[in-house]
Every structure is written in structure tokens, then in C-alpha cells.
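In C-alpha cells, one chain follows: the form predicted on its own.
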């Protein structure tokens, strides 16, 4: 059977197709059909010829097999230093073999590549920091995922995620009507407590356009309200777009490059339509990577930049605290020991460690670093889509042990995680290992300790 009902090379294109795939609970039929997929070796060879350019081929050739990448990989360390978990081995035995054999591989080999690409690498690129040749393993595994996806070999949840982007321009089924209703609901819900609070939609020429993770309006609408409250406290002239508000890209995790382009272009179209002075993205690591770092190249932008300056939420918070737009009540600063999770996507891969430390200097009296930290920190254990794939839950839970041990070593019971994947992984870590910790985004903590200007205070009864 070359093409299954659910597992096939055809991208999701309609709501009905999404509903049908979602109905295959846990992907049971999907994974059975994957075992029967034909491998189109000629198509893989043509794809490699067209897209596997000198950089990736050079990386595959110059790898010295020195093993420097081994100890840098948390998955190698947590899995009893299994030689098959060494990053160089993982990529050479998958992508390296695909290139060497020019795509003439079996279904079994492709399914093995799926397991390696999605359960043995989170694309955190910590290994790339220690490679003497600077080989970017994250780029190589992302490329491998794209080849696998083109042949229909992709985890069930990732197929659904990229399908959501194709149908809704969001990683979840949030329609434009749902989104606008949520904005209006949150503004009304919090207006009594915060007089004058608004969530402006499609305001042109604002100072700030704000973009989100679809999970926020879908499951945590209070996060949107908290962002609005902090912009309100800071006196910002801001807006959200009615379309193009979703910043994330599960398509990136899935290796669905066409959907990546579609998604980021929806954000860029909103920027060009509303003409904000700059754009601020929510507390999400991969969303920042997808729109600010990778996105310009997916969209074919020659300058390699988004249409307007685009910063991560931690950059705005650091700036707001530094300039006094948001002032912290010293009596309400965090008194207990607190640690911070460094997101791979905007700390290691975009250098924002200074911004997060600046924030901590304003809000915490006993800030304790994890070891290692900053760009050397370990992945949360759930990045790159690892959190969301049920088939690999056992492997993901094992991977969480590294972050568990890092947190325990600090002696802290509170972990600040300004990234959705990290937040999820640390939540799951506590559920799995019950080490007695709490975890939080920045927004609710800042609201609790911010000084409210007199003109924004509730009138006294």
C-alpha cells in the first residue's frame, strides 16, 4: 500500500482532513500505515540534488568523529552514554546514509530515521557549540526531518500540527472569529480591575504589534490579558493583528517547509499592513526562532530580517524595567531562592542571556543559576516537538532527568521559564518526578510586584 488513509505524502489541507486524522486516536492506524509506505528513492535523490548544498555536504565530510559532541548532548548523557546517542553518530547513520545511498533506502530505514530525528535530537544545537568544526547539528536534523516529511514519514502529532498551520494559520484550531472574541472577552474580563484596559485590534502605526503562541488564546487566555495589563502599566501604544497574530511554527518541528513559509508570511503580511514601529513576540522560544531567525529565509527576504524590528518578550521586559516604564515594589520582589530556565532558541541560538539576567536583577533577591547556564545550559528535555509526541513519551520523560537534576542542585522551589516548551517540560518534570517545585512565566510574577501608577489605580470607594 503506497499511500495510507492517514499516513501519506499529501499535506493536510482541510478541516475535514484534520478531523479525520485527529479521530485516529494516538495515531494507531497512522503508524501501521507508515510501515507500508513506499519510499520514492528517485524523489529523495532529486530533493538531495536540489537542496543538499555544499554546507551540509561539507559538514558530513569534515566530521572528525572526535567525540567532542558526545558529552555536550544531554540525551547521550542521560541514556547511559550509549554510543548510538552520540550526535555525530546519529546524523551520520541517518542523513549521512541517505546522502551516501542517494535515497535508495528501505521503509524500515526511514522509520528508523523518524525515531532518531524526533526522539534522539531536540535540535538544541548545544553540540554545535563544542564541535571544533562548528557543525550545526540542529540544522542538519531539521533538514533530515524535511526529507522524511516529504515522503510521509513524520510523527502523527507533527502531521496534525503542520496541518493546523495550513488550515488555520495557527498551531491549534483558533479561527479569526475565535481570536477576536478572546481579545474582547479578556479586555472585558479584566477591565473592572484595570480601568481603561484595552486589547486594540488592527491599530495602524502603533509603536508595538504583539504576537502570540496559539496555546494562549486556546488554553491560557489569561496570558493575553497579562500581556495587555503590562503594556497598560507601561503606557505602551500597542496592538494585535486580527490575522497573523500566531507566531509559532509546529511546521518547523515537522519539517514541513512549505507550511513554515505560509505561516511566517501571514505574520509578515500583518506587519506590512499595520506598519508598527516594532514587533514583540510572547514568551516562547521556538516562536522567536521561527519568525525572527529562520522566518526571513523561509519568506525569501533578501535582507534576512523581518519587515520591522522584532524582539522577544524578555527584551521588552528588560527594557521596560531599565527605563522605568514598569517599576517594581521592593517589598514584593521574590524573596525565596529562584532559578531560571534558559531557552535554547533565544539564549543559545540568539544570545539573549543578558536580558534575562537583567530582569532577574530587578525581580529576585536570591537568584541562583543552574549549572551550566546561559548558552551552555541544557535543553529543557522537551524541545523540537519532543514534548508533544505520545509515541516517545517514555524517552522524553527519561530526558527530563537532566533538567530535574539541574533544578535540584540549585535548591530552588521556583523556576522561571519564559518559554512555552520549557514551561511544559518543567511542568511534566514535576508530574513525573514529584520534586516539589513550582514554575512560572514572567508575566504573572511581574504583575504581582509592579507598582501601579496613581492614574491607573482603582478609584477608592
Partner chain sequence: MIAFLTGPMLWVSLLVFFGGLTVRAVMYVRGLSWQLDRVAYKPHMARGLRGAVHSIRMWLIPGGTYGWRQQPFMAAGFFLFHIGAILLPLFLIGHQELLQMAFGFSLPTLPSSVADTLTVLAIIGGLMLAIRRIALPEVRILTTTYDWFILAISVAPFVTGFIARLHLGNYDFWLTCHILTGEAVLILAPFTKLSHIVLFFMSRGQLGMDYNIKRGGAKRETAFPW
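Keep in mind that what you see is a predicted model, and the values were worked out from it rather than measured. Numbering follows the first chain given and starts at 1.
Note that the form predicted in complex with the partner chain isn't included here; everything after this is about it.
The three residues 337, 361 and 452 each lack any heavy atom within 4.5 Å of the partner chain in the predicted bound form. A heavy atom within 4.5 Å of the partner chain in the predicted bound form is found for one listed residue only; from 179, 168, 76, 268, this is 76. In terms of contact with the partner chain in the predicted bound form, the residue from 28, 409, 62, 435 that brings a heavy atom within 4.5 Å is 62. Residues with any non-hydrogen atom within 4.5 angstroms of the partner chain in the predicted bound form fall in just one of 201 to 209, 226 to 234, 371 to 379, 103 to 111: 371 to 379.
Heavy atoms of residue 68 reach within 4.5 Å of the partner chain in the predicted bound form, making it an interface residue. When the partner chain is considered in the predicted bound form, residue 397 lies well away from it, no heavy atom lying within 4.5 Å. Interface residue remark: residue 239 is not counted as part of the site for the partner chain in the predicted bound form, having no heavy atom within 4.5 Å. Proximity of residue 401 to the partner chain in the predicted bound form falls outside the 4.5 Å heavy atom cutoff. Within 4.5 angstroms of the partner chain in the predicted bound form, the stretch 76 to 94 places a non-hydrogen atom from each of 76, 83, 84, 86, 88, 89, taken in sequence order.
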